[in-house]
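Taking the form predicted alone, here's one chain by itself in structure tokens.
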């Protein structure tokens, strides 16, 4: 039976702090990264210059969103060598630890969608519009085609990550409507609608994580009591079942590249079924 408030049993067994361990670490990571980008413009301390699309840390380390580079190639524009190096660093990093780690540990929009998911559970809104998770891959293909047809990186005009960061610096303005739209959509229309079904950035980073080393493992799946809390809080709950409910010959490792390695299943499980591990 699914408890109305997921994690209640875990809190009773482990205490509140241990049921929020990985969530709190993610918030520190997300707010810390966002803070580094804002520190220069707002306080004049330039540790990181740039944005989530392209940046330089301490004037030395270049980091570039590989999706931006891919769109630039599609437009036919020449890409600078430093931008290519920055994109290669990002690709190697996320290919090793899981592409969608970007979604749960770096992307600021994740905080909004997590808030919507929490609100959805608190309001006990069980019904949700059905939507294919493959739409995000079609949208990814669409923004690449648009870049090729228009000669411009059109996605950056509407990218919520870009709009959110720009809004914090120059005033949110219409950005508040975008934030509100995602919050309302995820809460009342499609559960985990933006990150889980529509976001082309998440789709792209999921492709980087096909062979990543870092994985979540249902190490003690025989201890599972079917409380279903992990399914309730997981942003991509479909990835859990093969590892948790497989037979004795199936691997307890979650191999799906759509797992965002957020650690919520680890936090919320009262039986400590899950842990971070490696794919091998």
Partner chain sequence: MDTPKNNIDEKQQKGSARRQFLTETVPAATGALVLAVSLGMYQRSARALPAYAIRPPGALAEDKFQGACLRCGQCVRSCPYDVLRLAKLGDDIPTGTPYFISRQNPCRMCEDMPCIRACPSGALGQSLPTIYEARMGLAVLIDHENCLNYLGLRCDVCYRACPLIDQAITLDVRVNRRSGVHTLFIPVVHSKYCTGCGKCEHSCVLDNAAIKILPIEQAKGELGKHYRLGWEEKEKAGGSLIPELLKLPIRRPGDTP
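Positions refer to the first chain, counted from 1. Keep in mind that what you see is a predicted model, and the values were worked out from it rather than measured.
Beyond what is shown, the protein has a form predicted together with the partner chain; the following relates to that form.
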{"property": "The partner chain: the contacting residue among 112, 97, 161, 153 in the model of the complex [heavy atom, 4.5 Å]", "result": "153"}
{"property": "Selected contact from 253, 239, 227, 69, since only one has a non-hydrogen atom within 4.5 angstroms of the partner chain in the model of the complex", "result": "69"}
{"property": "Partner proximity in the model of the complex: residue 53 to the partner chain, non-hydrogen atom cutoff 4.5 Å", "result": "yes"}
{"property": "Heavy atom of residue 231 within 4.5 Å of the partner chain in the model of the complex", "result": "no"}
{"property": "4.5 Å heavy atom contact, residue 88 and the partner chain in the model of the complex", "result": "no"}
{"property": "Any non-hydrogen atom of residue 174 within 4.5 angstroms of the partner chain in the model of the complex", "result": "yes"}
{"property": "Triplet 166, 169 and 178 all within 4.5 Å of the partner chain in the model of the complex via a heavy atom", "result": "yes"}
{"property": "Which of 202-210, 100-108, 181-189, 139-147 lines the interface with the partner chain in the model of the complex (heavy atom within 4.5 Å)", "result": "139-147"}
{"property": "Residues within stretch 37-51 having a non-hydrogen atom within 4.5 Å of the partner chain in the model of the complex", "result": "41, 46, 49, 50, 51"}
